[in-house]
Ligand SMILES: Cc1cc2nc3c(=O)[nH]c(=O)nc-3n(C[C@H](O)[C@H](O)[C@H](O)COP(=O)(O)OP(=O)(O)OC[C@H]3O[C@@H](n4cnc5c(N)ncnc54)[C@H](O)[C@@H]3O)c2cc1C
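Just one chain is shown here, as structure tokens, and it is the form predicted alone.
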Amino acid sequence: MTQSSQFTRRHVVTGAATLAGAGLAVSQAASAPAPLPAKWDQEADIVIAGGGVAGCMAAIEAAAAGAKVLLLQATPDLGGNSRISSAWIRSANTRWHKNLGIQDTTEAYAKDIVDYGGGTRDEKKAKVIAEVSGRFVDRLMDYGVKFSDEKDTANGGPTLRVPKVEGRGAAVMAAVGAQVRKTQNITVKTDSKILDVYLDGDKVAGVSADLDGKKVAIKAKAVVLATGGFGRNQKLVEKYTNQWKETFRIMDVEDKGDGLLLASALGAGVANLQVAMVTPLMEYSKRIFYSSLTLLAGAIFVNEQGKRFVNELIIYTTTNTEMLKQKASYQIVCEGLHPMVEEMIKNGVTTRADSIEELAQKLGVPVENIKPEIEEHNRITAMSGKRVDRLGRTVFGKPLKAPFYFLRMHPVMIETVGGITIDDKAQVVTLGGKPVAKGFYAAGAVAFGEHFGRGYRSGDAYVYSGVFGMVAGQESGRYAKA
């Protein structure tokens, strides 16, 4: 699969399934832990499973606490979903904000997190995110990650809480991965994955892992799961997010739910397994993913009849659901709309039309259908003050004008965001909030759990992963060295 341009995670969409009659949450009965091995093959203070931003930040923090860390990554290199993200990071009080003179408070940000959750988000965790987000972004800057000066009022709001990384997630993970590899006390094993967690009574004793194709027992005082979601496990997708079973996928190939299954079997709570991140922005023929920036700049969607059928910028639940009802969906763009249009043209996924009449002819739609759509969109775009069209769109950008370009689009699943539950110290907990075992932590998509039940905004996932990766590393490091 080809990946392209800036990768945005604007909104989360929910699938139709509910779980065990419990709506947004279901608890699974714990199974008996695996018996302790007769002997240990290796030893580390902390084993971290997953090498995305959550796992890498956890490793750096744990090593800083003096712990010897073994970081397992299932693929040949570090990065995971964090590498293919747009790396918009919702945050407050970073050096980026201070350099641009943007005033904010952690109290206001924490309240915003809770308010957006509509009663579904934990206030303690919201406070941690708000307080640590600035340190997380500043740490990335220390590693050499550069941020754009773009002030995104559409996604960041008046407080501009969404700094954007230049080079997207690939740039973040190149810098973070390099930091991991040069940090003392961290051993990285790629093409390796966790298989099980051993418990000795109420505490972690170690793990079983596949290291280069060999099953080994590793003695450890603490474990951090950062294994991602389950979008590459079609059986789990069909069970919990069946509405999106036929969407394209753009996510790490090892997003198979290993951590989710492992932790829930030990008694971890799980929540919102029916929720997935799905966006309408995968190009159909070459399967190149594009961000929503062209839509924010003024692009529109039309169907196989040449008619607009949805507010392109509404929460993606609606956009994707409506797209799946159409025989085909096309994005209409034009030169000068956004730099991404040039990339679309360069990638050979667009068709040019020098007039609306030619656009209609090449799309194979009645001109009397598409012409009024473009004219009405341009009329409202040119208005001043508050603007709302018949579909509820309120962000308009630039007008559409010849030459036009169009490309066919299809919904794509970026990530599942239901997962196991953690507390404000990144401990894996039951639905009742009780730690499953001492020394058992999690961060990243595997532990999104209850946090994204209400919805997702640009920059939520990256900050949640980075912050709780840092917290998991700090807490597991303290525990292992105590």
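Note that residue numbering follows the sequence shown and begins at 1. Predicted model only: the values in this text are computed from it and were never measured.
From this point on, the text means the form predicted together with the ligand, which you will not see here.
Novice: If you check 272, 331, 85, 319 against the ligand in the predicted bound form, which one has a heavy atom within 4.5 Å?
Specialist: It is 85 that has a heavy atom within 4.5 Å of the partner.
Novice: Of the residues 280, 298, 206, 79, which one places a heavy atom within 4.5 Å of the ligand in the predicted bound form?
Specialist: Of the listed residues, the single hit is 79.
Novice: Consider residue 461 of the chain shown here, and say whether it contacts the ligand in the predicted bound form, taking contact as heavy atoms within 4.5 Å.
Specialist: Answer yes; at least one heavy atom of residue 461 falls within 4.5 Å of the ligand in the predicted bound form.
Novice: Would residue 289 count as a contact of the ligand in the predicted bound form, using a 4.5 angstroms cut-off between non-hydrogen atoms?
Specialist: Yes - in the predicted bound form, heavy atoms of residue 289 and the ligand come within 4.5 Å of each other.
Novice: Consider residue 448 of the chain shown here, and say whether it contacts the ligand in the predicted bound form, taking contact as heavy atoms within 4.5 Å.
Specialist: Contact check for residue 448: yes, within 4.5 Å of the ligand in the predicted bound form.
Novice: So in the predicted bound form, is the ligand close enough to residue 250 to count as touching (4.5 Å, heavy atoms)?
Specialist: Taking the distances in the predicted bound form, the answer for residue 250 is yes, it comes within 4.5 Å of the ligand.
Novice: So if I measure heavy atom distances to the ligand in the predicted bound form, which of the stretches 176-184, 133-141, 367-375, 220-228 falls within 4.5 Å?
Specialist: Only one stretch qualifies here: 220-228.
Novice: Judged by heavy atom distances of 4.5 Å or less, which residues of 358-386 approach the ligand in the predicted bound form?
Specialist: Residues within 4.5 Å: none.
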